[in-house]
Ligand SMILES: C[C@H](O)CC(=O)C(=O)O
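Below sits a lone chain in structure tokens, taken as the form predicted on its own.
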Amino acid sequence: MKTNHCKIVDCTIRDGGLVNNWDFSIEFVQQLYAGLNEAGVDYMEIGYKNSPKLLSGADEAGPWRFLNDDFLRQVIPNKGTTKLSALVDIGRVDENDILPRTESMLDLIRVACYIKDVDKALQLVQTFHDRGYETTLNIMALSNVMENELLEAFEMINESVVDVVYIVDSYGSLDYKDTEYLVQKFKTHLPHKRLGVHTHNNMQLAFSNTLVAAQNGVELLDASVYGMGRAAGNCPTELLVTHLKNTHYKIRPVLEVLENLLIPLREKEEWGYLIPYMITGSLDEHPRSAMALRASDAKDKVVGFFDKLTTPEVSFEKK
């Protein structure tokens, strides 16, 4: 039987850090890496490689928000077959902080941007490529991108050295038809580029959309253990590990880290499918308003929240 073409990129620490401000212990990350490595997961995204001097509130975040290579060598002294990935954002990374791959623990650097910054992102991609890294371009909020903007971006991407281009459902608003449409569009206009997908679970469709992408030839599949990620979270790693056919993956090591690490953490932190996130997903909006609601005393007042988001008249309280 044909070997499955897909590779899993586990984003538990990077995207999950948006839930708890990257407050993971070293032991947590070590155990997670060991479990993912034993399970045969291809990549672990161990955090962001952004620069603290370029982002406010850096002192309050855990070390996985601003990865340091010396720190990483202490965390994972014995690297297995699971490769390490980090994400950078346009305007938040100092390229001088990125060592050559031969001197770094990282294998893959992913550059996230909005459509207007694809040119800047590809300049960073070129820099990281020249330093020996595997690279991806993650175009965020695709559901809000105009057709002409996407076509212009495709022209630049085709001329670039980027290895993988990501379809990102930032707001968890896409369904299987949207996913299939975008994958086919990317394949048509980027015939020589590999593709990846990153989904959010606002509409309970993260797993489904990821499978649709995989069935249509997308190679890199983002996921996180127990779905841990910003707001409604991501496609669960354990579902991909147990569902994808003709792979080398093992489910038991993932269940072990889920039981030992993620279930206890879920009792303290909140993520996953919740009605406010469903509402923002259905309206194709960023979940920040729903996150604010869940952090307030009115966290379950979903009717008023819906009315506020869908009422065209906007009023502001006078001081």
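So that there is no doubt, residue numbering starts at 1 and follows the sequence shown. The model shown is predicted, which means the values in this text are computed figures rather than measured ones.
Form predicted together with this ligand: not shown, discussed below.
Engineer: Can residue 87 be called a contact residue for this ligand in the model of the complex at 4.5 Å between heavy atoms?
Structural biologist: Answer yes; at least one heavy atom of residue 87 falls within 4.5 Å of this ligand in the model of the complex.
Engineer: Indicate whether residue 179 is a 4.5 Å heavy atom neighbour of this ligand in the model of the complex.
Structural biologist: Taking the distances in the model of the complex, the answer for residue 179 is no, it never comes within 4.5 Å of this ligand.
Engineer: Give a yes or no for residue 140: in the model of the complex, does one of its heavy atoms lie within 4.5 Å of a heavy atom belonging to this ligand?
Structural biologist: Because a heavy atom of residue 140 falls inside 4.5 Å of this ligand in the model of the complex, the answer is yes.
Engineer: Give a yes/no on whether residue 220 approaches this ligand to within 4.5 Å in the model of the complex, heavy atoms considered.
Structural biologist: Looking in the model of the complex, residue contacts with this ligand do not include residue 220, since no heavy atom lies within 4.5 Å.
Engineer: Between 82, 170, 160, 104, only one gets a heavy atom within 4.5 angstroms of this ligand in the model of the complex; which residue is that?
Structural biologist: The residue from 82, 170, 160, 104 that makes the contact is 170.
Engineer: To test your reading of this chain, name the stretch in 72 to 80, 116 to 124, 143 to 151, 197 to 205 whose heavy atoms come within 4.5 Å of this ligand in the model of the complex.
Structural biologist: Heavy-atom contact with the partner occurs in 197 to 205.
Engineer: Is this ligand in the model of the complex close enough to 7, 42 and 164 that every residue in that trio has a heavy atom within 4.5 angstroms of it?
Structural biologist: The answer is no; none of 7, 42 and 164 reaches this ligand.
Engineer: Heavy atom within 4.5 Å of this ligand in the model of the complex: which residues of 8 to 27 meet that condition, in order?
Structural biologist: 14, 15, in sequence order.
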